[in-house]
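One chain comes next, on its own, written out as structure tokens in the form predicted on its own.
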């Protein structure tokens, strides 16, 4: 999913020295391009991943590559290169851009082919695109310390949200609506009245029994990498966890709430203008932040090695 807290100062020109990777070439970001009939551009026929960069290392790299392979398999796109080679490309791009805190975006499209809706047969060669962006670390740290507001919006996405595709129009419309309402994120609500996830995050509450609660995996939500790591860390720390659906009313009655994504764990202090708990990050959320920070620091692959 697209990630928040990215500061790239876009003004129609790429920052000086910024480098992208497209189909075998490291090139200046401002000259990076794909074919006009690339199916990612024409149809959103593409998969993407976002990997956090912490202290120059790629956080949860193996888990992100696992999910990339799964998503590609679900829509029948081949891996663009062997996994070990892709890892080298990712690390080299981070190194060339001298990023210490940021995000790496990886996209694989079905490639360029004459514009027609059916999947090309024989298959076209996949297009591989990688970019990196520096994050505003101070702004992210403020959100982690102070918490954020979210609003609820109808979930109008397609039926296979477990596949990390670039078809994100409903997400960006909901996120934009949230920002216009003065909130940082939107939690999407399904037809039955249950929260699925955020537009670019997984949604969590600490229920009235003190349990970490997040929606169970299905076609309706993305299997978040950070979500997975949090669940593993919580189990090791013997924190009570429950994976099931919850409503906005359940969230408003909860002790605490937070979101998770490639940028980490951020507390939620209000939903639709109503305060959650005491209106500030709670002790369970703080504990989860600590657990995830420890796990992610130990898993980050240092690109300079």
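Numbering follows the first chain given and starts at 1. Note that the coordinates shown come from a computational prediction; the quantities given were computed from them, not determined experimentally.
Keep in mind that the form predicted together with ligand PDD is missing from the display, and what follows is about it.
Work out which of 262, 58, 46, 266 lies within 4.5 Å of ligand PDD in the model of the complex, going by heavy atoms.
So the residue touching ligand PDD in the model of the complex, by this definition, is 262.
Selected contact from 214, 171, 71, 127, since only one has a non-hydrogen atom within 4.5 angstroms of ligand PDD in the model of the complex:
Selected residue: 171.
Checking a candidate spot here: are 197, 202 and 226 all in contact with ligand PDD in the model of the complex (at least one heavy atom each within 4.5 Å)?
Checked in the model of the complex: all three residues contact ligand PDD.
Heavy atoms within 4.5 Å of ligand PDD in the model of the complex: does residue 222 have any?
Yes, residue 222 sits close enough to ligand PDD in the model of the complex that at least one of its heavy atoms falls within 4.5 Å.
Taking any heavy atom pair closer than or equal to 4.5 Å as contact, tell me whether residue 164 reaches ligand PDD in the model of the complex.
Looking in the model of the complex, residue contacts with ligand PDD include residue 164, since a heavy atom lies within 4.5 Å.
Heavy atoms within 4.5 Å of ligand PDD in the model of the complex: does residue 276 have any?
Residue 276: no contact with ligand PDD in the model of the complex.
Although the partner isn't part of this model, could you tell me whether residue 54 comes within 4.5 Å of ligand PDD in the model of the complex, counting any heavy atom of the residue?
Contact check for residue 54: no, nothing within 4.5 Å of ligand PDD in the model of the complex.
Only one of 60-68, 237-245, 276-284, 29-37 gets a heavy atom within 4.5 Å of ligand PDD in the model of the complex; which is it?
The contacting stretch is 60-68.
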